[in-house]
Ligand SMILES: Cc1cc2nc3c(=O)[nH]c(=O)nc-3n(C[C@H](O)[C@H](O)[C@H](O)COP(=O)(O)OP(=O)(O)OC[C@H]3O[C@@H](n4cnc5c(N)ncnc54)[C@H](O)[C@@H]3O)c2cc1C
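As a starting point, one isolated chain is supplied in structure tokens, in the form predicted on its own.
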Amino acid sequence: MALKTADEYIESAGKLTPRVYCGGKRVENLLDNAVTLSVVRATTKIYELAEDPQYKEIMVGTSHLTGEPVNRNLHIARNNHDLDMRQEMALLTSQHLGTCNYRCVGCDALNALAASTWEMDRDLGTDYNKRFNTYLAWAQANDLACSGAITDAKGDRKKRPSQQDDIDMHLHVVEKRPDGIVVRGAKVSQSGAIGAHETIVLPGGALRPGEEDFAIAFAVPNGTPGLTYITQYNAYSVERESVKDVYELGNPLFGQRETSTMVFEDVFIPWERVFLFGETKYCGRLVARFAKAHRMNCGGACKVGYADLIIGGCMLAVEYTGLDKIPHIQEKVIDMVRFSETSHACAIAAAFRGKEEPEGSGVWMPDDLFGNAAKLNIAHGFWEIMKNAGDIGGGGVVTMHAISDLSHPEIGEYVRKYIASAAPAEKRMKVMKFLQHWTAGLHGPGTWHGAGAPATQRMALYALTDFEAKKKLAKDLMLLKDD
């Protein structure tokens, strides 16, 4: 089968039967609920971008298994160019969506599994890589949207998984059968899982001997019996459900990033979909490989795409009010560009400094140092970008009226008259709603914590830096001899 078209994905999404709850209400069809529909629309756009000839190099790769064209979200990086196109895809999709590429986490999870299953087969004589490649070739042939599930509920953070009062706080095996395993627990904050055909599940972190029941990685189809999705719900969810016209919203079609808690209540996973089972030694490596890929993409490229949108919105805001030549505003825009392009430079460096890992696997991973630098830089820089956007946009970012007021028979004339400036009122109002979406929305904390909180990147940078080499450089230049 060739690459899916956008229409084919929408048709397939309409046939998905996940057990989804949104705001306490059961969603029977993803296309009938305003919140879940935004996930489908965003995922549809990913398929559209892959159809567009001008984005083919970025959005489409060649399968190392079949030699056929495959969506970049299902592609395994085989060289530095592949890594570069992967981060460029993160940038491109964010620029076009203004929300999550809901296939992103799944892509990075697949690449981490490609490397780690090869390593386990080499070291242990298992057949995980064969299983994985069979699964991947099938997913590629059907151009499936795959989300990723990593983070466990965790419970009491002072306790190890097996020490929890409720062992379900970490996803774990409850039964081993001849035909597969049965798992119970939950994965939280899973971006776009409700609209994906499949979810790739990884352990939540490094594990120790004695924690084998928690050492599991597998693929699970959307709508599998025993699997429940409970979506996030906030003021933006209520707004999207209640608004009569999505044109009122800052990001009309694609909305805020939508996540869910995936509850596994004795879910059966066939062996052919299990890619790690009990090998605690390899869990830390698997998650670390996922993290280094995701920090390059989610940190250094995805959020730069968001920054491009915010900067564009700010430039429109000052143009519409006649303030585009004011020096202090230009200085703020320059700072916004500096933050975003520095992060993108780190992502590009992570791609081009990447290397095969493990050696002999044929799988290429980004450079960990530059990937962590990209994520840490944008985590801090994004708050500054939002702050400057709020400053440039002015009070109207949070005080603007409903756009529908423009056509109100009693007050429309007032709104059109008093909100107009160097541009008509509608343009000013729309850009204020757009900037409100960013500065008063969910993306600040999402950027801070996505791909790991900055404290994690800070520790990684300290651990990855060769301080002995730096000390030697300094000592050599000052002619300082060792005792």
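In this text, all values refer to a predicted model and were calculated from it rather than measured experimentally. Numbers for residues come from their place in the sequence shown, where the first is 1.
Unshown form predicted in complex with the ligand; subsequent notes refer to it.
Q: Exactly one of T151, T321, N133, S162 has a non-hydrogen atom within 4.5 Å of the ligand in the predicted complex; which residue is it?
A: It is T151 that has a heavy atom within 4.5 Å of the partner.
Q: Name the single residue among M169, V188, I311, L369 that comes within 4.5 Å of the ligand in the predicted complex, judging by heavy atoms.
A: Selected residue: V188.
Q: Have a look at 332-340, 142-150, 399-407, 214-222 and name the one stretch with heavy atoms inside 4.5 Å of the ligand in the predicted complex.
A: Contact criterion met by 142-150 only.
Q: Is there a non-hydrogen atom of V105 within 4.5 angstroms of a non-hydrogen atom of the ligand in the predicted complex?
A: Within the cut-off, so yes.
Q: Looking at the partner-bound form in the predicted complex, is G61 within 4.5 Å of the ligand by any heavy atom?
A: G61: no contact with the ligand in the predicted complex.
Q: Any chance K325 has a heavy atom within 4.5 Å of the ligand in the predicted complex?
A: Judged by the heavy-atom cut-off of 4.5 Å, K325 is well away from the ligand in the predicted complex.
Q: If you check in the predicted complex, is A42 within 4.5 Å of the ligand, heavy atoms only?
A: A42: no contact with the ligand in the predicted complex.
Q: Where, within 441-461, is there a heavy atom within 4.5 Å of the ligand in the predicted complex? Residue list please.
A: Stretch hits, in order: P445, G446, H449, G450, A451, G452, A453, A455.
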